[in-house]
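First, one chain by itself in structure tokens, the form predicted alone.
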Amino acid sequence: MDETLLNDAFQELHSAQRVLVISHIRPDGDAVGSLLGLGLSLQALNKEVQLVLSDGIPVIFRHLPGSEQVQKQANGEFDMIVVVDCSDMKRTGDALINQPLPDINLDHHPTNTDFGKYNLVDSNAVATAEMLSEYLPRFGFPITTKVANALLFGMITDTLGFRTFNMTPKALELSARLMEAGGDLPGLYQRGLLNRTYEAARYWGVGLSNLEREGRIIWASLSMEDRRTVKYPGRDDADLISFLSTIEDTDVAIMFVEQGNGNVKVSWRSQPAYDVSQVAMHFDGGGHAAAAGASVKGDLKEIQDNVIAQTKTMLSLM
């Protein structure tokens, strides 16, 4: 990270009084944790902050302090706009309509397109929440108990409980500091990774019933009808892809989830030898080497066949 760039960005953030903080569509735990962590820290300095997610905040994250403040679109004018955990502008959805380009782009995805005035991108960080856990206290922004819980939640969920292949001693040290500041690791772990609703469990059952394998690649799909049948309220796979990635003798796992807007959400997970972010980028998506995603428009079955074929070809999984 360029130290001059980092210092300049946080000095401007310190001077700003009215700040907009946004993240990506279909937000995950790191997006929500980073959004809330930064926003609550800014509010602790008596700054006026708007927290915006184009898709709103998922029900499963509403236990986090500050989640009730999240709105779907920005209103008014701002001294600074900060985008967290978002690899490109398209993934902000409608959050930036009638707003200028972001001032700070703070992210850990290697596929980030550097769309901000200050591009603070560290692909070595396990989560954007890790970056904030380091930068906020370093530049004089408070880590309150609420901030600590938000950031720790982001780190726990993005590393699947500190067990992804990119885990580092630094990330564990920063997590310990968040615990010292009041972060409830056991409780956040339970809420973020273990708890399931009855509807989510039934949704998993549907997905697992159509699980397929070819060689060392596996995949499953969930249609709109599947979602309606089990009355699952979300638009995601209820974290089924993380379970698929634990199946033995599998190099790549893929999940296809049909959306209501004619798109299909595609998620990849892989073992360290395979970089699925390159496959995701082929479909205008992005992510990490071991975890990536894309939104593809079209028919579920046709997309499934195309994605599987491209994944096999690009990763030599014949």
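Throughout, we count residues from 1 along the sequence that is shown. All figures in this text were calculated on a predicted structure; none of them were measured in a lab.
Form predicted in complex with ligand AMP: not shown, discussed below.
With the distance limit set at 4.5 angstroms and only heavy atoms considered, check whether 87, 285 and 294 all reach ligand AMP in the predicted complex. The answer is yes: all three residues contact the partner (heavy atom, 4.5 Å cut-off).
So which of 54, 270, 267, 41 reaches within 4.5 angstroms of ligand AMP in the predicted complex, heavy atom to heavy atom? It is 267 that has a heavy atom within 4.5 Å of the partner.
Heavy atoms within 4.5 Å of ligand AMP in the predicted complex: which stretch among 245-253, 41-49, 56-64, 259-267? Correct option: 259-267.
Within a 4.5 Å heavy atom cut-off, is residue 146 in contact with ligand AMP in the predicted complex? Answer no; every heavy atom of residue 146 is more than 4.5 Å from ligand AMP in the predicted complex.
Examine residue 109 and determine whether its closest non-hydrogen atom to ligand AMP in the predicted complex is within 4.5 angstroms. Residue 109: contacts ligand AMP in the predicted complex.
Using heavy atoms and a 4.5 Å limit, would one call residue 227 a contact residue for ligand AMP in the predicted complex? No, residue 227 sits far enough from ligand AMP in the predicted complex that none of its heavy atoms falls within 4.5 Å.
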